[in-house]
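Below you will find one chain, with nothing else, as structure tokens; this is the form predicted alone, and questions on how it binds or moves follow later.
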């Protein structure tokens, strides 16, 4: 795998759209061609080389053969890793909103924090955040009904509200705490909260699974306790209380059995 390093040299005054910072966009290009890629800051158009220094011997001929290392202050850079299908991106600090949005494959690793809407509509790949994440992580775009559909999104810190909204598939793992509205309108997928979870978990959930290791401030009234079960979740074995719901929603049948969303609360 070939590696190219881009280092922030001019921090934008507003917010820079970095959707071209992907192996798909870099593959097969020279450093000069990468520097010439168009970026946007507000209504102004720039080249990537106006903000970043490009270094490295070469990039791969294909996205799968390309690794990008992003250095410097990228807290005002949005869309890094957007729509990437293969290869690897490593951000050595923090970055802004929509990081990993609609990601389809490859590996994206942010060693700092990400802002809201990261992992939006994610379809595949591995996305890891070492720090904290904002609101609407792994959720759907505003007005859309397709949230996270595949892949694995792991946040090692805390997250905000509305994560996994309209989630259809994939696995969203939060190793810290989560705020309100978890898995709202979920129709599939798995959410694992290893810390505490606030209120409104699984509201209007039709299918899918939510695991909570810590405290739940308030359980939704639309969920009903069924039994205690021993499960292995993300490599950990424990006993969980199983709840089915949201009982206020319409649920389909599979092999004659009603399919519910499930919340598992660690005992």
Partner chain sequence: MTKVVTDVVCPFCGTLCDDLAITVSDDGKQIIDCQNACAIGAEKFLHTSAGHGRITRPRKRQPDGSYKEITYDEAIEYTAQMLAKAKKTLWYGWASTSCEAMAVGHKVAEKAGTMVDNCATVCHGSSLLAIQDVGVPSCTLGEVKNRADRVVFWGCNPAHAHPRHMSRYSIFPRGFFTTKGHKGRKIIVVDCRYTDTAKCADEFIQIDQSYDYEVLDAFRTVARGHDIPDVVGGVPKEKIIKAVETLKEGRFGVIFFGMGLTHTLGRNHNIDIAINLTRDLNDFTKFSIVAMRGHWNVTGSGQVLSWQYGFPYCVDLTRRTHARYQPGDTSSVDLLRRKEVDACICIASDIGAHFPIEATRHMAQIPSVCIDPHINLTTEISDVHIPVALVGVEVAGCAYRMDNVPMACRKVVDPPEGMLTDEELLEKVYVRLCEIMGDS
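Residue numbers count along the first chain shown, from 1. Quick caveat, the model's predicted, so the values are computed rather than measured.
A second form of this protein, the form predicted in complex with the partner chain, is not displayed here; the remarks below concern that form.
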*Segment that reaches the partner chain in the model of the complex - one of 164 to 172, 125 to 133, 84 to 92, 103 to 111, heavy atoms within 4.5 Å*: 164 to 172
*With the partner chain left out of view, choose which of 32, 44, 57, 232 has a non-hydrogen atom within 4.5 angstroms of it in the model of the complex.*
44
*asked:* Against the partner chain in the model of the complex, would residue 259 count as a contact residue? Criterion: heavy atoms within 4.5 Å.
replied: no
*For residue 253, is any heavy atom within 4.5 Å of the partner chain in the model of the complex, or not?*
no
*Contact label in the model of the complex: residue 149 to the partner chain, heavy atom within 4.5 Å*: no
*Is residue 203 a contact residue for the partner chain in the model of the complex, using a 4.5 Å heavy atom cut-off?*
yes
*Who in 116 to 142 is close to the partner chain in the model of the complex, meaning a heavy atom within 4.5 Å?*
117, 120, 141, 142
